[in-house]
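Starting off, we have a lone chain in the form predicted on its own, written out as structure tokens.
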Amino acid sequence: MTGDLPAIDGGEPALSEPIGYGGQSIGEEEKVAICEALESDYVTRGPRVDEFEDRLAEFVGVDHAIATTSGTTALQLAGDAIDLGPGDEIITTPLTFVATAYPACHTGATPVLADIDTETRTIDPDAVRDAITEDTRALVPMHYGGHPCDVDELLSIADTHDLTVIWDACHAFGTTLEGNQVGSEPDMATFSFHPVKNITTGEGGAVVTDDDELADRLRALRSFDMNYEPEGHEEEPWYQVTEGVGYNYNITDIQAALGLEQIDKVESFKRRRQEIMAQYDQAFEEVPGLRTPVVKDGVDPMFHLYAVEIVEDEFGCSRTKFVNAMHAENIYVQVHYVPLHYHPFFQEEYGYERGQFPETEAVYDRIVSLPLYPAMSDDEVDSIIHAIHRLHNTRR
């Protein structure tokens, strides 16, 4: 452990080497699986992708999983699959990464933002109700940090207004709600397998669904909207035709090989994340002005983010000063996220302005993501805790 003077004030950094807010956990099993894939007949989409999709569907508890190149492209495909277009609206949260709005942005539809519940940082069902118009086609709720939205309320709203739900579950792979895997709810859910997420395929993502027609449409769009067996194909086996404008969002067998090993480890990854969260929760329980994430009844979380809130008057410094102080300690905390309505694109394209979503803005002004990933050591966790305590002690 270092002394009592924060690094930003001239003390020794808490960590000798930088640590980020997230990172992959890759073992020998993954390396062997990747080498086997490289030595096989398939390096692009092949039998390992099929196996990976089957395992994903089985894990989540749905009939179909369609693997794609990222969580971002999974969200885009979901919007395309329900034929969103100009004149349509989706409702989503301002407190998210920009890709959550892409089912609208890539189709010409309009993303309508609805404020959040500050406790879970997920979209507020009452705000959703207020935002619905005759043009609303879909809801795109995002499970912030890995904690589920109010699923029952949102499904009730969708049923009442005949809306499709595209769950942005990119943070929540492995989280369960009332014993069910997040992502198993109607109509579609998207996952991300970026290296900082709960499992990784390097880059990668997936859409999962129980809807056979949606699954067929998603698979077609993922691969050029190509009909590989049209009429005449039996006699002329080269004859394949495109039926629309699709994409090449196919993942590789190399990525799938990595993902298959990661699925085998998901429960151990979850346990380790929960151990680190428990250490944080206990350490910060009595620190004034440092609010830790909530976990609602019925939720067994696999958090992607451990996002705290820094209340300046109580903790002793602003969120900005906290972030800079942690960076000086070689602890590279991050802020998730700059709200959508702060981005020039959403302001210029859709007319959003600062001040429109007060709950989101209040959380954004305070929020910071601390390091959380399975490869972290207990010593690193202890050093982070110590750095935060000593910053508070010198600023209160």
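A residue's number is simply how far along the shown sequence it sits, counting from 1. Owing to the predicted nature of the structure, the values given are computational and were not obtained by experimental measurement.
Not on display, but discussed next: the form predicted together with a small molecule.
Undergrad: Just to confirm, with a 4.5 Å cut-off on non-hydrogen atoms, which of R273, K197, R291, R137 contacts the small molecule in the predicted complex?
TA: For this set of options, the contacting one is K197.
Undergrad: Counting non-hydrogen atoms within 4.5 angstroms of the small molecule in the predicted complex, say which of Q262, Q255, T100, T209 makes the cut.
TA: Flagged contact: T100.
Undergrad: Please determine whether each residue of T320, V323 and H392 possesses a non-hydrogen atom within 4.5 angstroms of the small molecule in the predicted complex.
TA: Not a single residue of the candidate spot has a heavy atom within 4.5 Å of the small molecule in the predicted complex.
Undergrad: When the contact criterion is heavy atoms within 4.5 Å, does H147 count as touching the small molecule in the predicted complex?
TA: Judged by the heavy-atom cut-off of 4.5 Å, H147 is well away from the small molecule in the predicted complex.
Undergrad: Within a 4.5 Å heavy atom cut-off, is R121 in contact with the small molecule in the predicted complex?
TA: No, R121 is distant from the partner.
Undergrad: S192 versus the small molecule, in the predicted complex: is there a non-hydrogen atom within 4.5 Å?
TA: Yes, S192 lies within 4.5 Å of the small molecule in the predicted complex.
Undergrad: Could you confirm whether R222 comes within 4.5 Å of the small molecule in the predicted complex, counting heavy atoms only?
TA: R222: no, not in contact with the small molecule in the predicted complex.
Undergrad: Please pick out the stretch from 64 to 72, 347 to 355, 324 to 332, 366 to 374 that is in contact with the small molecule in the predicted complex, where contact means heavy atoms within 4.5 Å.
TA: In the other structure, the partner sits against 64 to 72.
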